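Just the one chain here, the form predicted alone, laid out as structure tokens.
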């Protein structure tokens, strides 16, 4: 069968390769792959971030999955014909305290594996298997939009953790600023609106689909410098990974504000920073800056619920390009109006 294959660190190695059928050791649920979403992590894998399974040179990528169940055991959470998404991370074999508690997104020793990223082949294949423990049912009403489940799970965790921290203050405000209008940022805005926040989104573009997608949520779109924003947000969702923005926004939060860092930069930019001033802002305002990565299984369920409540027309606007499996490396090259690019595994 064909799959999305790459040698991590070699950009010219990305290809649609013939690979063996998925081994039963991957899980008892057999799935027909439908769609895979492409994100910055997949691009970073071609630059050397990923790790193939032990003893193999190539890695089948694809961690943002959507498939249709072909076979499943009777006690599984899905049946033949159902739509399903596979969880990305697997707990480490020790396991550490976090993995033992099914909080593998907080793995303490780094020995976790991740489908399509670290030590395990991913979901970018015409057929794949998954253990029932890591299978997430997707309602038929979502259809192809179910491919947004994994990125939405990352955002669901970010909001869950943010609101836990914000709850430490006796009174919490309801103004949220999302920085970056990529897929993660737009999904963060969606979940913020669903939670009743007054949502603002900051990005650099002035044309294309992003401003319209923000407006479609009833949120406010801003472009330009963060320093020029006339806002004191109670919550900041930083989805770009640009360190300078983190520093600039640290002094703009409302008292007891919470900033969640959900973006990861591959750059090595150095900027002069007055850490004493940042320290003073955080201390005197009871503010918090924290990071988040990956998602727990419950966050996938939260993501499915959020997507099911959303306007399907709006969600469909996030998927701006669909690439056939045979030419899937084209999805790694961003085009001007791209938001979310998917690979059609059935073509």
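Given the structure is predicted, the values throughout are model-derived calculations rather than measurements. Residue numbers count along the first chain shown, from 1.
Below: the form predicted together with beta-D-glucopyranose, not depicted.
- Against beta-D-glucopyranose in the model of the complex, the set 39, 88 and 154 is in full contact: each member has a heavy atom within 4.5 Å.
- For the residues 213, 199, 245, 117, the 4.5 Å heavy atom test against beta-D-glucopyranose in the model of the complex is passed only by 117.
- Residue in contact with beta-D-glucopyranose in the model of the complex (any heavy atom within 4.5 Å), chosen from 294, 302, 28, 51: 294.
- Residues within 4.5 angstroms of beta-D-glucopyranose in the model of the complex, judged by any non-hydrogen atom, belong to 39-47 and to none of the other stretches in 54-62, 313-321, 281-289, 39-47.
- In the model of the complex, residue 203 stays away from beta-D-glucopyranose, with no heavy atom inside 4.5 Å.
- Residue contact check for residue 238: none of its heavy atoms lie within 4.5 Å of beta-D-glucopyranose in the model of the complex.
- The shortest heavy atom separation between residue 150 and beta-D-glucopyranose in the model of the complex is within 4.5 Å.
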